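Single chain ahead, written as structure tokens, the form predicted alone.
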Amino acid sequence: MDAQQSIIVRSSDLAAPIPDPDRPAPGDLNQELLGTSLWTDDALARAQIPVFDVPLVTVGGGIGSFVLVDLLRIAGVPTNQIRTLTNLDVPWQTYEYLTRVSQIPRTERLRSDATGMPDNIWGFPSYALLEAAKEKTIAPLFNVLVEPIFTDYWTPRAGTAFAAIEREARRVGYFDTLAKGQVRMVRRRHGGGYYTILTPPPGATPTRRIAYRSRFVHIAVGYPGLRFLPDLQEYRQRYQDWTHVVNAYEPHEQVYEELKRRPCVVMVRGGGIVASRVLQRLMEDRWNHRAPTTIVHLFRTFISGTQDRGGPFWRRKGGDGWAYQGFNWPKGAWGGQLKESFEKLEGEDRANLYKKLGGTHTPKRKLWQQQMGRARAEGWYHTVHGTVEQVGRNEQRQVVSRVKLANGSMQDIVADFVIDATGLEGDLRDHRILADLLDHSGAGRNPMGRLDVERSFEIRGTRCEPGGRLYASGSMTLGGYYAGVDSFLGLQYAGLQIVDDLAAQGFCPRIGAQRSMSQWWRWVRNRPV
């Protein structure tokens, strides 16, 4: 049913006298709805919330939503059967923001495999092959052939991925599925399916809220929230200082500009990919712009050599404080023995395997090694191994970190700026939609504390019969039966599992060999599905 033809409350019915300030306005959520986990059609009518019918809703509008819509369109589902509820203009918007502020602009390379292509489920031709053809060089192909023994892993430029996603989004009609606004919650419906509450942009509708009534809902809202270390958060609140203590995932270009103007000490905290990028920016600014910067790099865990994580096949290289790994998980986690192991394990056994493979790490790229070696030789890059006990400020308004060193002694490190690159993931309850799912829709946590999902990526415990299915993909499902969920390949794998399950429910055809081949040929020629 077309979403624009199924309003059960007419906008003309919403005219009312000046509302009582103690009562919800027409079209808003009332206490009956907020306090009830299973909603009825009559309850929405009493609240005068317009209701639109559409078979499937995907919430988020990022790359996770895009991948599912792309697969459904390839399977043959028309755009009027799908609604993407989002406040984003384009599916790569949030991802590009995070990469840009963490020092990966469009011209720099992502931490992604050559065949990790959100726009191309077939993975051929790969980003490496496309770059080789565009730039008329075999260098990317040679790189892929000999990696990682003789050279670093080849990875695509951020801009290449974003442009490819835009091309595919236009090809499959992704933008025709958009419904702009902020999703408030997803609740189960009496009689089967779900209600998804959307707050449209001001003035877009006569009421503050509208509801989408659907049989299937897909949640792909990305990271629950920004994780900020408690000691740094306490510092910010105490001194109301958001300038000298920053998170690498928030805009902080002003720090680099200030470092170019005067001699400064900057402390970098973290040992992952983002810390690597921040250090590269700081070092290149010193060499290219003569920024008189001194860097103090704080490692909570200092790696001095190869880590033995359980035998000869469980070793991870390391050195100078870093743990080295090409991608966020070993390649076998995407489609090999590790993938099979995750699928077989339950509960704590699966959590233990995650812990065995986890930990902060970064790729061992030759450029970074050369830069850090030169900076150490020149005497302005220093590493410290310890744990911060307290963060304060001196009379010169510098940030003072009291650090308990690995040998047990205490040291005060004074810096003009602190850049926290320790991590991005927050708790599920940091996101309003996910917190509401835990409280009202039967969702639970897996052993890693994220959403507990089935192998089909259906959120366990949220089924609403007859026929209602609630799915999730992305970082919020880490800890399930598939490890690489927070990656391009992981989003595609989750999308394929969801589409197969939807096909089993009769919503769409399976993508068979003939359909796949014909659609790949249309993708090559950039023809609509």
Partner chain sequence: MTPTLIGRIQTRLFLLLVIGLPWTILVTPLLPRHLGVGTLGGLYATTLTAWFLVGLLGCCIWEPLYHLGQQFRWEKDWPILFGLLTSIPEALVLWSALPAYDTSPASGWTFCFHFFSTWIVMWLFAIGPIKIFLIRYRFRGGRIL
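Please read these numbers as outputs of a predicted model, since none were measured by experiment. Positions refer to the first chain, counted from 1.
A second form of this protein, the form predicted together with its partner chain, is not displayed here; the remarks below concern that form.
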property	result
Proximity to its partner chain in the model of the complex, single hit among D176, E340, E135, D439 (heavy atom within 4.5 Å)	E340
Sole residue of M372, L110, C264, V144 within 4.5 Å of its partner chain in the model of the complex, by heavy atom	V144
W122 within 4.5 Å of its partner chain in the model of the complex, heavy atoms	yes
In the model of the complex, L29 touching its partner chain (heavy atom, 4.5 Å)	no
Contact test in the model of the complex: Y471 vs its partner chain, heavy atoms, 4.5 Å	no
G191 within 4.5 Å of its partner chain in the model of the complex, heavy atoms	no
Segment assignment from 272 to 280, 193 to 201, 113 to 121, 228 to 236: heavy atom within 4.5 Å of its partner chain in the model of the complex	113 to 121
Residues in 484 to 517 close to its partner chain in the model of the complex, defined by a heavy atom within 4.5 Å, in order	L489, Q492, Y493, L496, D500, R510, I511, A513, S516, M517
